[in-house]
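Starting off, we have a lone chain in the form predicted on its own, written out as structure tokens.
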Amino acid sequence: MAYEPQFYPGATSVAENRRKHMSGDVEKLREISDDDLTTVLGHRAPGTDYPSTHPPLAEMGEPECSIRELVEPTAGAKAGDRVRYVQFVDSMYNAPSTPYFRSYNAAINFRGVDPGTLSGRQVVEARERDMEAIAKFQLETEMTCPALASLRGATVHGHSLRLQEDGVMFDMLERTVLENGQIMAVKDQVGRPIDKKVDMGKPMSDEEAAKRTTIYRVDNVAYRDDAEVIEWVHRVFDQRTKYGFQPL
């Protein structure tokens, strides 16, 4: 029988959304061009070549190694790209994703990545073109609502930032603004003004955000409503505690 990964327990919409983020089986909601993505990331000018830290692997004459023969290098590693980062922050007000589930998505579905999970932000470091593939995937799919999540390489703050009157998560550097129903980026992820506004997409309605979120909340889907999740959390804590005591 073919193995089928079981990513997350639970029967609620939140549990199902967590499984979707972990498996990468998420719905694409918007298009962001490669040049627009490069602009908001701010690591290089759109249309320029990827800077490299070493020659392409094919030109390096690497020594024989069975592991190298087994593992296909990523596109960025093959080309010798430098390592760069993308950093997300997600609102606690029913944002579709959270730092942990962005990291699960990156680590399970992409190779050559180094996800960092913090309380209110999530960073992924990888070879530049590999990092861009992850950023594009997460920005274009239901993992991101452009009003409830954003790219922030500096002054990230926490996920508990209040929402503004227009429903956009507060940002002291105001990297994005709501214009004619669309979220427009006016600065890159570290807050430098950009030459051309970038359309990051339409915000989700409150109802859509509540349907797509991976966050348990008492005013939406409460954690205690998911009996299977509670059962497994109890099982994990019980076994960790017993193992830690080493009673024998």
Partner chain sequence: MTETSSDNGNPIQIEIFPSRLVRPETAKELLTEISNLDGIIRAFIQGPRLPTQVPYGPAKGSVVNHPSREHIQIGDTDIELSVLVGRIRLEIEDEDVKENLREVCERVLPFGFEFREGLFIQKKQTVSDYAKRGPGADPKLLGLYDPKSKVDNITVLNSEESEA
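Numbering follows the first chain given and starts at 1. Keep in mind that this is a model prediction, so the values were computed, not measured.
Here the subject shifts to the form predicted together with its partner chain, a form of this protein not shown in this document.
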Q. Among the candidate residues Leu57, Ile194, Met184, Val190, which is the single one with a non-hydrogen atom no more than 4.5 Å from its partner chain in the predicted bound form?
A. Val190
Q.
Between Gln164, Thr74, Asn109, Thr117, only one gets a heavy atom within 4.5 angstroms of its partner chain in the predicted bound form; which residue is that?
A. Gln164
Q) So in the predicted bound form, does Ala133 come within 4.5 Å of its partner chain, heavy atom to heavy atom? A) no
Q: Indicate whether Met92 is a 4.5 Å heavy atom neighbour of its partner chain in the predicted bound form.
A: no
(Q) With the partner left out here, check for me: in the predicted bound form, does some heavy atom of Arg121 sit within 4.5 Å of its partner chain? (A) no
Q: Find out whether any non-hydrogen atom of Glu125 is located within 4.5 angstroms of its partner chain in the predicted bound form, and reply yes or no.
A: no
Q. Among 139-147, 125-133, 173-181, 76-84, which stretch has residues whose heavy atoms lie within 4.5 Å of its partner chain in the predicted bound form?
A. 173-181
